[in-house]
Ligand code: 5GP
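One chain is shown next in structure tokens, namely the form predicted on its own.
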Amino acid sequence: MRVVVAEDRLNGLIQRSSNVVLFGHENPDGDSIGSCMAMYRYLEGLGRRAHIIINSRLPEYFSFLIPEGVVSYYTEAPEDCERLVAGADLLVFLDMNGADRAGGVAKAVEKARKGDVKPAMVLIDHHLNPKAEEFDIVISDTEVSSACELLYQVLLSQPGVAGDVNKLSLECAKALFTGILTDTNNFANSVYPSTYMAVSALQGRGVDRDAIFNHVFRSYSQQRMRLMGHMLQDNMRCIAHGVAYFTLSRRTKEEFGFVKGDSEGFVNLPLAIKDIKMTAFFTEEEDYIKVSLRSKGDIDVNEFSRRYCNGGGHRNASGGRLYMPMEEVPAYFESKVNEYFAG
């Protein structure tokens, strides 16, 4: 459902802005960096000064999208990021439903909004429950595949583009295609007729689908492949109600030389099993357990995550956090699965 449509006001805000900061969410994925880079390339074409802030470093296989000096990581350079926010007159949040999802830099955003000269704030997102009260403009639609698909529609609506995809730069088109490709798991999840129309137009613009596919899905390290084998052979648990899950502890990360992005997509693997209808992937972080949930058909993992995992998302793809030791997670999760399917 589209919540607010404000593409016309967005153009006016961009035209009045000289320093724009774009934000991706914590634990960035392809849709996060794709939407940020696409917006950056669009602003670049308008002659606007822009910069991207992401809480933590991206997986290496997305580096093909990012020229040097365009992205700052808050966990590595917090003071630099805070200065960028303080000097901005427009803040754009992509692929998140509220500013808090940007991570530690959200405190700098809150401070800037309380200052004498308040930057305008824009949200462009496809998740449920946007925090509309935080923003001056909200463009939110849950019935699209990704933030990149929504941004594609937004950019086409802008006066300088006027529906002509060829007026977007090729680099902008590549970034949009990357986000759609990754958030649909190579067009396996959350795909709408509008999704195919968008990617067809982007390919017509000159995007090399095979090159992007190879960057994203065929640039993995040897340790990732060995970790995947270990997770499938020794860690995957299939339980009642057609549910499967994995747990990835910090100890296992160390054993396999884990780097950010190495477990990307693992949560989808058990869905290839005929009778598995819901999967979960639990990753031990420093202060919490990261939860990823996926499902087939009518099983609503958004509802499950909101009830039991302090999170949310979409019907068939959701996430959250648990605050307990990893060794307690299996018993907790299995009990909640039984409770959920009981009714």
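Counting begins at 1, following the sequence as shown. These figures come from a predicted structure and were not determined experimentally.
There is another form of this protein, the form predicted in complex with ligand 5GP, and it is not shown here; the text below is about that form.
Asks: T283, S318, N55, T279: which sits within 4.5 Å of ligand 5GP in the predicted bound form by any heavy atom?
Replies: The residue from T283, S318, N55, T279 that makes the contact is S318.
Asks: Would you kindly say which of R205, K107, H215, R101 lies with a heavy atom within 4.5 Å of ligand 5GP in the predicted bound form?
Replies: Of the listed residues, the single hit is R101.
Asks: Please pick out the stretch from 271-279, 40-48, 287-295, 64-72 that is in contact with ligand 5GP in the predicted bound form, where contact means heavy atoms within 4.5 Å.
Replies: Partner-contacting stretch among the options: 287-295.
Asks: Using heavy atoms and a 4.5 Å limit, would one call P59 a contact residue for ligand 5GP in the predicted bound form?
Replies: The answer is no: P59 has no heavy atom within 4.5 Å of ligand 5GP.
Asks: Can you tell me if H127 lies within 4.5 angstroms of ligand 5GP in the predicted bound form, counting non-hydrogen atoms only?
Replies: Contact check for H127: yes, within 4.5 Å of ligand 5GP in the predicted bound form.
Asks: Hey, which residues along 195-222 are within 4.5 angstroms of ligand 5GP in the predicted bound form, non-hydrogen atoms only?
Replies: Not one residue comes within 4.5 Å of the partner.
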